[in-house]
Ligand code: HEC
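What follows is one chain in structure tokens, specifically the form predicted on its own.
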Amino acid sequence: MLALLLACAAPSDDTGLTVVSADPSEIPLPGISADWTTRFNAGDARFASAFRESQGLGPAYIRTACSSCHNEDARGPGAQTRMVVTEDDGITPSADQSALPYGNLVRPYVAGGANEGVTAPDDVANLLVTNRIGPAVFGRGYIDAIDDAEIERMEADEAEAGIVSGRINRVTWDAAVPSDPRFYVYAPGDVNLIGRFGMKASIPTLDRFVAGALQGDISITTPLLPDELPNPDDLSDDDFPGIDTDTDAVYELSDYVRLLDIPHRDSPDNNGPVLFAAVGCADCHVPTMHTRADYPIPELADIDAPIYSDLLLHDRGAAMADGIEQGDASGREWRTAPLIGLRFLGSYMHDGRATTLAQAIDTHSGDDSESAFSVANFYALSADDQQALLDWLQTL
């Protein structure tokens, strides 16, 4: 199933409507072997398939298929709603989260014998409720392949330069079984791992990312995360007794995401890349990072991966805070979003609050945001240069 249509985020006119154009996205890396192609196709089928109660859907869930939150491997339309009890400032998480006994993730739908989903309570003071739109998943194999030493180098370089203060989210391998040994050798309880996936870089590998999405979004348990999440009905199982799917399913889905190519990018004849660096965007949205020479997929090994991210956490200030702490990430910190497939996004930022790239740039401002200097630099450009930069961003 190689779908080719995606909504392109280029404004069609001053109404803010978007042009819908054809461009291949759901395609594998060029040149991969027949074995990897077989893995890609198997994972593609799983990605699009909806889970049923007889397969372990429930007790409380958000969506029934991976493609519901990553349609055509792009962004959304599914989203997560998260909640946290804060202090009186509205952003600092309270030490007491007992008002949220089922966690901070809203899971409104029920199956597998449940009667009540997990919803945001309406009688809790200082409850901050925020959304996260499912991110695009194409090009994530490039991120998986980035050398740990490269991410550590970026952290050190930024600290020395003193312009932005990105830092690694150091996390623990919290799965019940080791990681996929083809790619990483992590065991339960291993600490100080480099997080690179998730909007707060709280997840170290693609197989752990997939297992977490299955458990949290679809309520499908796996050997990696074998337990049903807490729910109002206090159910520890569903209509499919025991663990819902096996490790092979997790690995097939992971391989599908890992093997998705970055959609073809045009190279416009303007000075967009120069302006991008000049205003400071490239300080965090680093154009390329180098991958491991020993990465098991040859097409991703020992290359400069064009991800436009440093994969580090940055303080985005109170205006962007969601109060959710993940790993070392605070409620104000977010991983630099990789600018992969930017032209296919109908909205921007983690919650879609910006509908144009100019608005997305504005969200980086604020006296307490470490990216505010870059916004000021952008607006110091001439109108023609601002437009040239925006036009170039629409090619990513």
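Note that residue numbering begins at 1 and tracks the sequence as displayed. Values in this document were obtained by computation on a predicted structure and should not be read as measured data.
A second form of this protein, the form predicted together with the ligand, is not displayed here; the remarks below concern that form.
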Quiz prompt | 4.5 angstroms heavy atom contact with the ligand in the predicted bound form for Leu342 | solution = yes
Quiz item: At the 4.5 Å heavy atom threshold, is Ile27 in contact with the ligand in the predicted bound form?
Solution: no
Quiz item: Do Arg82 and the ligand come within 4.5 Å of each other in the predicted bound form, heavy atoms counted?
Solution: yes
Quiz item: If you check in the predicted bound form, is Ile361 within 4.5 Å of the ligand, heavy atoms only?
Solution: yes
Quiz item: Considering the ligand in the predicted bound form, which of Thr221, Thr291, Gln326, Ser179 comes within 4.5 Å of it through any heavy atom?
Solution: Gln326
Quiz item: Between the options Ala145, Ile133, Ile307, Leu259, which residue brings a heavy atom to within 4.5 Å of the ligand in the predicted bound form?
Solution: Ile133
Quiz prompt | Interface stretch in the predicted bound form with the ligand - options 202 to 210, 291 to 299, 187 to 195, 116 to 124, non-hydrogen atom within 4.5 Å | solution = 202 to 210
Practice problem: Taking the ligand as it sits in the predicted bound form, which residues of 247 to 284 have a non-hydrogen atom within 4.5 Å of it? Please list them. | Solution: Leu253, Val257, Phe276, Val279, Gly280, Cys281, Cys284
